[in-house]
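Shown next as structure tokens: one chain only, the form predicted alone.
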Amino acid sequence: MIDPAVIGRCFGPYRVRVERAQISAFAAALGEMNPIYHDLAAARAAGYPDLPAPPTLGTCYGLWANPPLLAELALLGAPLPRLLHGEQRYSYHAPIYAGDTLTASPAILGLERKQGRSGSFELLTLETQWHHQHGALALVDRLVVVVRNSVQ
């Protein structure tokens, strides 16, 4: 079981650079073939300074793609083999484009213990605020993960 004292704990900061190839590959994986996600000239013709990030690009940088954060959560009692994706939502505060450098500061907002048919589990709520290289808030990612009991 995770110690409730972890509520409020912050991690990071973590930095990522948003790359054109990653935007294009992610958009293609979503079936999004709008040229603004794949071609710089098309993006600029549409009024963007560079390729814009698709709305769920934060998934590429969040918990599941952040080995240092996963390692820290494992030390708290939430190792990756016991984690299930529960719920996730994004709040955008500023556009994200290729070339941006984002800095994330994840925090644990909540911990709830539950009992299911197959045993006990915990719901761990994390919130990550992503800031642009100039300090402006760009994205807030709220994630709820299910932490399964280790004896299931």
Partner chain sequence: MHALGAIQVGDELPPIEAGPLRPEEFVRYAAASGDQNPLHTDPAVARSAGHGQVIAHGMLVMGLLGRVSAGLAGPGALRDFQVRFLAPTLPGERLRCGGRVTALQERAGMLIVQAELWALGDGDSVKASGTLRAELPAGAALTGSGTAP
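Owing to the predicted nature of the structure, the values given are computational and were not obtained by experimental measurement. Residue numbers count along the first chain shown, from 1.
What follows is about the form predicted in complex with its partner chain, which we do not show.
A.B. asks: On the criterion of a non-hydrogen atom at 4.5 angstroms or closer, are W64, L84 and R89 all touching its partner chain in the predicted complex?
C.D. replies: So, yes: the whole triplet contacts its partner chain.
A.B. asks: Heavy atom within 4.5 Å of its partner chain in the predicted complex: which of I108, L69, C60, A98 fits that? Just give me the one.
C.D. replies: In short, C60.
A.B. asks: P55 near its partner chain in the predicted complex, any heavy atom under 4.5 Å?
C.D. replies: It does: once its partner chain is placed as it appears in the predicted complex, P55 has a heavy atom within 4.5 Å of it.
A.B. asks: Can any non-hydrogen atom of N34 be found within 4.5 angstroms of its partner chain in the predicted complex?
C.D. replies: N34: contacts its partner chain in the predicted complex.
A.B. asks: Hey, in the predicted complex, is Q133 touching its partner chain, heavy atoms inside 4.5 Å?
C.D. replies: Outside the cut-off, so no.
A.B. asks: Even though the partner isn't displayed, in the predicted complex is L80 close enough to its partner chain, meaning a heavy atom within 4.5 Å?
C.D. replies: L80 belongs to the contact set for its partner chain.
A.B. asks: Quick one: name the residues from 13 to 44 with any non-hydrogen atom within 4.5 angstroms of its partner chain in the predicted complex.
C.D. replies: In sequence order, Q22, A25, F26, A28, A29, L30, G31, E32, N34, I36, Y37 come within 4.5 Å of the partner.
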